[in-house]
Structures are given as structure tokens and as C-alpha cells.
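Next up: just one chain, as C-alpha cells, the form predicted alone.
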Amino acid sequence: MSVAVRQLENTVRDLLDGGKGLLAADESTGTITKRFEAVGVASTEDNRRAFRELMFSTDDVERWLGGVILYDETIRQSTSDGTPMPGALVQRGIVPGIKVDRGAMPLALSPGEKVTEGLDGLRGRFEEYRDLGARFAKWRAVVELGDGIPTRAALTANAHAMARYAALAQEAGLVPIVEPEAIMDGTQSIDRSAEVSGAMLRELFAQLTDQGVVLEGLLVKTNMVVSGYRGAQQAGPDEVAERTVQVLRRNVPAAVPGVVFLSGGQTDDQATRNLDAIARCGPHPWTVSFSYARALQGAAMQAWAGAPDDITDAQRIFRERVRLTAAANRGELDAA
């Protein structure tokens, strides 16, 4: 085994060992602005820094969080005492990572579909992010479900871009998280969700193999297989777990060290209940964990709402959400 591969494997171990998961604090400025507006907070650079520092400094979260995905703005910021954000995480034993894609744009000649952009100049950006303290990276590709979509063209374009990103990340010594997400906000059945999720993963691993990406040195972040959120029939946690594990076992090689789930449009309770059910379906060929954004942050953001006097309460809520999610990741939610 080469030193480079061993370094990647060590990073994966630091992220997921002991049942730990990830906090996805990498919302773009546009996305976090919408979330701030919903709770009456002005989306200034200082408010964005203050909220993220609130989470990163919460007592005990290093017990359950192995890593935090940062946004470009955040990795360049410092805490209120002048410590660079990545350094503040490292001091607590949490691994800093970075979102590097530049968002989903319309896919040419394919109405209703998108392709993620951001490959231009990525080699140079990886060098900079590594110097700023990042040890892993993330790239998200969104796949829409609808009449006649996703097309083969959309699956191939997104998987190819993700594989090229992953190769560049490993070249720079960073663990790539590849995030193919089938958007679940439609009316589709869980059967259709499973079909698309499986097709997406199959194409991704074909492209990763073609690009020479070392599977032992990456993580997969993906959606759980659920019913469309606007559908009349909603699958419960046990069915979600069964179908999700089935799709993963058929399409994610055992060489991959870890699969982490996004919470998507699920409520906090759904995200933890479904994760708990998946954990109880184990053992799995890969470590299974979480990489949640709203399901960890949402209630804390609402409690904080930009008021310095409410930081302690917001941190208490955030700590509890992280603790419960980690318990679900062990299949022990009911005992938490």
C-alpha cells in the first residue's frame, strides 16, 4: 500500500471511527440566506460566521462528529478569538473538509435536468484548500425525477464530472466525498426512487473506475431510498431501511470504506428514525453514518435567530440533535 493511499484511509478512519458522523455546514451563501430569512436573520458575513462558530464550539460534539464540511467563505474565516476556523475544529479533534463544486446548472439540450459545475481550476483550488487545513472534500450532483428523467445523458454527465473531481482530490491528498443525490420531493413511489438511486450509483462507480479513483480512499454520500415526499403513500422506517440497504448492496462495492446519508427533505425525526432502522439492518460491508445539514442545524438556528443571548440555548439544542443522531447511527435511538 502506498503512503498516499494510507493517508487517505487514515482520514476516512478519523472521520467515521467510533460511530462518528459529519456535519454538513457547507451551504452556499444563497442557501443559508434563505434559511436565515426564514428565522428573521440578516445574512451578513458576520452572522454566517457567528452561527457556524456557535455549532463548532458546542460542548461535547467532538464525541459524535468526526468531520465538518465547510464552505469557501467559512474555511477562510476565524473564530471570535482569532483562531482560523479549520484550526478551531482540529483543536477539538474534528477533521475540516471543504465543498468544492460550484452548483448545479441546466444541462444543455436536456430540459429539466442539471449538471454540477466546478472542474475548471480545481487542481489549483485543491492545493489552496489543503494549505488552509482541509483533509477531505465534497462534490454534490443532483438528479431530478420526473417524466422521462433522469436521462442517460444526465446520469453520465454528472457521474463523469464527479469521478474527475474525485481523481483530482486524491491527487491532492484529500479524501473525496462523492454525493449523488436523487431529489425525493416528487410524488414517485419508493420503487421508482430505488430504481433511480441504483442507476445513479452504477454509473458513478463505472466512471470512478475509468478515472482510476482508489475506492478505499473515498466516501459516498447519498440519499436514503424513500417515497416521494409529495406522494400519497409514505414508506415507514423499516421499509426505507430495507430498500436503501438493498440498493447500496447491489451498487456500492465493498471496497468503499463508508456510506454517509444526507437528510434531504426529511424532518429531524424522520432522518433519525430512518438512520436508526438502517443501522439495525447491519452489519454492512461499509461503515454507515450520517452527513446531515438541516436535520442537525435547523432547530438550533431557529432558537438562535441571531440573538447573542440565545447562543446557550441554541447550543443545547444542537448538542442534543447531534447526540440523538449518533445514537440512531448505532441503532440505539429508542434507548437514547
Ligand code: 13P
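So that there is no doubt, residue numbering starts at 1 and follows the sequence shown. Just so it is clear, the structure is predicted and the values come from calculations on it, not from any experiment.
Below: the form predicted together with this ligand, not depicted.
Note on the partner interface in the model of the complex: the residue among 193, 116, 207, 263 having a heavy atom within 4.5 angstroms of this ligand is 263. This chain lacks the partner; the member of 64, 292, 304, 56 within 4.5 angstroms of this ligand in the model of the complex by a non-hydrogen atom is 292. Interface membership of residue 26, defined by any non-hydrogen atom within 4.5 Å of this ligand in the model of the complex, is confirmed.
Using a 4.5 angstroms threshold between heavy atoms, residue 221 counts as touching this ligand in the model of the complex. The closest heavy atom approach of residue 135 to this ligand in the model of the complex falls outside 4.5 Å.
Not displayed here, this ligand is approached by residue 179 to within 4.5 Å at the level of heavy atoms in the model of the complex. Of the stretches 135-143, 104-112, 193-201, 82-90, only 135-143 has residues with a heavy atom within 4.5 Å of this ligand in the model of the complex.
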